[in-house]
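Below, in structure tokens: the form predicted alone, a single chain.
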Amino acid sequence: MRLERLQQIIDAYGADPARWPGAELAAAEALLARSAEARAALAEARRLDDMLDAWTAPAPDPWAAQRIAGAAHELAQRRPGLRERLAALLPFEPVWPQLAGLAAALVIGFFIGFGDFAEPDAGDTLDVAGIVLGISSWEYSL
């Protein structure tokens, strides 16, 4: 067995040879008997195992979940929504309704101004609703 393989076994199974794979146990013990470097690696692993065995987990905090939920709620309240982000980008009040009305008036004006309509006689009135909607005056007067 090589030192690298022994190090892999120690890293995976710890310093206790009783936990090592049985097929490699004899080869690992032979390497430990002849190599000071292998023994040093095993001693380091034993110190780590002893520290892990001495460590005790702290008692669970019954209020931890509530504090985490409160912090998440507070963070969600501070995070700006889409409306606030758009308001930050646009330094003026939203004018989209006014712009939509202006655009509609421009489109209607374009069709009326450049439309191919017969000119009314002097006594006739211009039927704007019929022109815009594409119906004749007799259809909606009935």
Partner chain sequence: MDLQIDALVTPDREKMQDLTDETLMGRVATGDHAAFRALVDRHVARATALAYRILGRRAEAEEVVQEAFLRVWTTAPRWNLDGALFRTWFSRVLTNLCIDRRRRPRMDPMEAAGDPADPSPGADAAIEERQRGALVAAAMAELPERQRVALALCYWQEMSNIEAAEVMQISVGAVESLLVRARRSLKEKLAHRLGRSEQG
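Positions refer to the first chain, counted from 1. Since we're looking at a predicted model, the values are computed, not measured.
Missing here is the form predicted together with the partner chain; even so, the following discussion is about that form.
Within 4.5 Å of some heavy atom of the partner chain in the predicted complex lies at least one heavy atom of G14. The partner chain is not drawn, but in the predicted complex it has a heavy atom within 4.5 Å of H73. Proximity of Q98 to the partner chain in the predicted complex: non-hydrogen atoms within 4.5 Å are absent; the residue sits far from the partner.
In the predicted complex, the partner chain sits within 4.5 Å of a heavy atom of L48. The single contact residue among A26, L52, A36, I112, judged by any heavy atom lying within 4.5 Å of the partner chain in the predicted complex, is L52. None of A40, A30, A69, V107 but one reaches within 4.5 angstroms of the partner chain in the predicted complex through a heavy atom, and that residue is A69.
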